[in-house]
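A single chain comes next, written as structure tokens; it is the form predicted on its own.
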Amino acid sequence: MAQATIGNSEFDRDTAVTRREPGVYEARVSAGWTVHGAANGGYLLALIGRALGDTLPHPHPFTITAHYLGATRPGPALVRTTAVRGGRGLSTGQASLCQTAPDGTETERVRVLASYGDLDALPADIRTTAKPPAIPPYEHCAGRNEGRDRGRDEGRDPVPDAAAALSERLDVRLDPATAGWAVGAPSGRGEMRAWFGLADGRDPDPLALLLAVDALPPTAFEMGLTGWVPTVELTAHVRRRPAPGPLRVCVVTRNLAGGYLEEDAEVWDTQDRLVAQSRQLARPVVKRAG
């Protein structure tokens, strides 16, 4: 099968928006990017980010924050955007994704505030202590289905895959050290590491990075918890345009308290560059494994 390209892939089609009038975009939330029947937060961020990119004078998201007000279900949606400020290097806008409730009223599902710029205009100077995550080679990391099959062979019950629709569209290869949850043997550490790509081979771009920061299994799984972990708020920083090829993603949780946890993510490209970062607050709706 021919490899999909940027602008001609399932991800591009399913995040497409059509301008109805200035500041109002029609969209269709695809069932292919859902978890427990609700659209994945990173996918929604990319969809809304595409509408903001059409509204604002700068092309790329630099920082984008979303508050998820309720579950977004597959089907028609409207994205309403407003340009807040325009500057030489950055422009700022806000957006809301809305759907029609059963009673016919328009209901806001996601609200976003973002600043956009031009990644290609950034200076090349880098001074950092950040290092790429240590992940085994791609071919030594198992896909989610492979891990589940191994768990069954070993007589252990794998965690039910509520993200089946989403995982079919991704090529996620988990570091075995953070994949014990998939075979019923979580490590107890709040960390997830993986190679990440789209299943159809489309290379990453700035919008795909917004998906990547929220596409790995929840770190709560490796802490011995199972179930849905919906995002309350997610902030992503896009640092550079990614090079072609699979990304390395590392997500860490240091504190699960009061029914909420944070997840800090880093995304690295094939040139060992830190291309995106994020932090989110999530609320596990979980039960203890076993």
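This one's a predicted model, so the numbers in the text were calculated from it and none came from an experiment. Residue positions are given as counts along the sequence shown, with the first one as 1.
One more form of this protein should be noted, the form predicted in complex with another copy of the chain, which is absent from this view; the next part is about it.
- Although the partner is absent here, residue 19 sits far enough away that none of its heavy atoms falls within 4.5 Å of another copy of the chain in the predicted complex.
- Taking the partner from the other structure, another copy of the chain in the predicted complex has a heavy atom within 4.5 Å of a heavy atom of residue 277.
- Contact annotation for residue 105: none of its heavy atoms lies within 4.5 Å of another copy of the chain in the predicted complex.
- Another copy of the chain in the predicted complex comes within 4.5 Å of a heavy atom belonging to residue 259.
- Put simply, of 237, 248, 50, 60 only one has a heavy atom within 4.5 Å of another copy of the chain in the predicted complex, and it is 237.
- With the partner omitted from this view, the residue of 55, 253, 40, 30 that lies near another copy of the chain in the predicted complex is 253 [heavy atom within 4.5 Å].
- The candidate spot formed by 36, 171 and 228 lies out of contact with another copy of the chain in the predicted complex, as no residue has a heavy atom within 4.5 Å of it.
- Heavy atoms within 4.5 Å of another copy of the chain in the predicted complex are found in exactly one of 68-76, 97-105, 203-211, 177-185, that being 68-76.
- Scanning 75-111 for heavy atoms within 4.5 Å of another copy of the chain in the predicted complex gives 84, 85, 89, 90, 92, 94, 108, 111 in sequence order.
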